[in-house]
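Taking the form predicted on its own, here's one chain by itself in structure tokens.
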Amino acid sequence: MSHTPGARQAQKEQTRQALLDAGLQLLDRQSLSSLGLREVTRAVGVAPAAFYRHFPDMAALGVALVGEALGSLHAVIRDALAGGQDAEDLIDRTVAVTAAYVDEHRAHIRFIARERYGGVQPVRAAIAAELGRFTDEVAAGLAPQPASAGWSVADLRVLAGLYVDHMVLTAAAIMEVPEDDPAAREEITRAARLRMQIISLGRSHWAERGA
């Protein structure tokens, strides 16, 4: 009997994950504000009451999906920033890791793109908080670079926010490209690199503004 509590916990975690997976699949075709609790529990094959053992409401399920969608991206961004200080190399790495992350997490990225400005406030807040963390991490990665000499902390965070917003927009654009259209995908990544190059060009001249 000593294994029973562990088995129960494993079953609970399995059911929770099944609810998240079902919610994510259903959200491929609709927004969170239109998704009903009964739709999710029906897809999993559990009673509606079972939902409340894992989430207090649908907004909480959405917040958990935000964590799934963006949580592992923090390490990816840190690795990209740690790869060296050459601007062109950093741009190439950033675009590459963004495209790769979309390929591996298409449903999650579609959810984020739809709900970032959606009707469920706690989910909007959770997405904003995660993107704020990304901005802080990017700012911390940019700070030691020679191109950041003379930048204030506040200005550097604004720059980091531009990069993060650009990554989000690029990810959303890649999501819209049919998987069998490599030419369209290449055009999006080319434009993404160009936009980052323009941002970097502005960065290189920003410190001169007070001269």
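Residue numbers run from 1 along the displayed sequence. Note that the coordinates shown come from a computational prediction; the quantities given were computed from them, not determined experimentally.
The discussion below concerns the form predicted together with the DNA, not included here.
Note on contacts: among Glu39, Asp155, Glu68, Asp165, the single residue with a heavy atom within 4.5 Å of the DNA in the model of the complex is Glu39. Note that among 42-50, 22-30, 147-155, 179-187, the stretch whose heavy atoms approach the DNA to within 4.5 Å in the model of the complex is 42-50. Interface membership of Lys12, defined by any non-hydrogen atom within 4.5 Å of the DNA in the model of the complex, is confirmed. The closest non-hydrogen atom of Arg8 lies within 4.5 Å of the DNA in the model of the complex.
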